[in-house]
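Next up is one chain by itself, shown in structure tokens, the form predicted alone.
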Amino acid sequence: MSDTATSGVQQVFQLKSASVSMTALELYYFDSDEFEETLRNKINQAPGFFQDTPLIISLEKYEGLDSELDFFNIIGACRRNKIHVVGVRGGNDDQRRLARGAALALMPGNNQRDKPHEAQATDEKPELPAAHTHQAAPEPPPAKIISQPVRSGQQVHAPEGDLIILAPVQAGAEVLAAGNIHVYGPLRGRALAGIHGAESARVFCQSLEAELVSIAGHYKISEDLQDNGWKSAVQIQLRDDLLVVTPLDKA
């Protein structure tokens, strides 16, 4: 009798929902040599950030020819640089067919999300809800609060709401949140807010010393952040696809 049979396990596995932080690559056109060169340059700006990261290819702004869209070439270039392409977002039917042929997952784009069905003309009057029936407003997810310092090598993840850290975030640490990130101390590691695409998310900290800050996939590394608000209390937000740093006393 096998060990599995004697352990009382009744099934091989279970499927559960999971929240995974992924980076989207917005592809405008594809040229094999130019693609890999640009990819290397991006990785060299923040090598630790991109190491072994899962990647989504976004085709929502793709303007190249479908015949030039070589997903096998894209996957190979990414793998050589230790990035793993897992799926495609958006795209027309032909582009998604090519992605399926490369064994990539297909994800809806912003213009492909399910729309409510239009009501059909009918002689029947709609049933009105009872006068005393009220639909409760959805509650925002609670913030995740961390009281201890986030040390080098640690990762703190708030997959649904804001992340509030009442201590320093050390160099080499990483903090991620679906919403805003508040650091009541020096921010020396990496902070990624709006990881599911919330462009309204912001990062607040008492002292900006970060290795990298990202909001909804748009990021700045340490060298760029030092131009404004370095080692002071700031908020960082996204405006017109650019990260803007503002002193908290002027916010």
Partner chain sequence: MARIIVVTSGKGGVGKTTTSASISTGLARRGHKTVVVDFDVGLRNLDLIMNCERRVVYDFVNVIQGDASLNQALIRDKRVDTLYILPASQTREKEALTKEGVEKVINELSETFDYIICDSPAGIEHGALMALYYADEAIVVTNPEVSSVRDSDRILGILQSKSRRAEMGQDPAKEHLLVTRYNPDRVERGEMLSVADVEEILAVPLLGVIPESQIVLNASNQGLPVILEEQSDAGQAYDDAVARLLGEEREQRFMTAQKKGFFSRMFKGG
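Numbering follows the first chain given and starts at 1. The model shown is predicted, which means the values in this text are computed figures rather than measured ones.
A second form of this protein, the form predicted together with the partner chain, is not displayed here; the remarks below concern that form.
Of the candidate stretches 69-77, 89-97, 174-182, 146-154, only 146-154 has residues whose heavy atoms lie within 4.5 Å of the partner chain in the predicted complex. The partner chain in the predicted complex comes within 4.5 Å of no heavy atom belonging to residue 220.
Put simply, residue 170 is close to the partner chain in the predicted complex: some heavy atom of it is within 4.5 Å. Though the partner is left out of this view, residue 188 does reach within 4.5 Å of the partner chain in the predicted complex, counting heavy atoms only. In this stretch, 211-229, the one residue having a heavy atom within 4.5 Å of the partner chain in the predicted complex is 211; the partner itself is omitted from this view.
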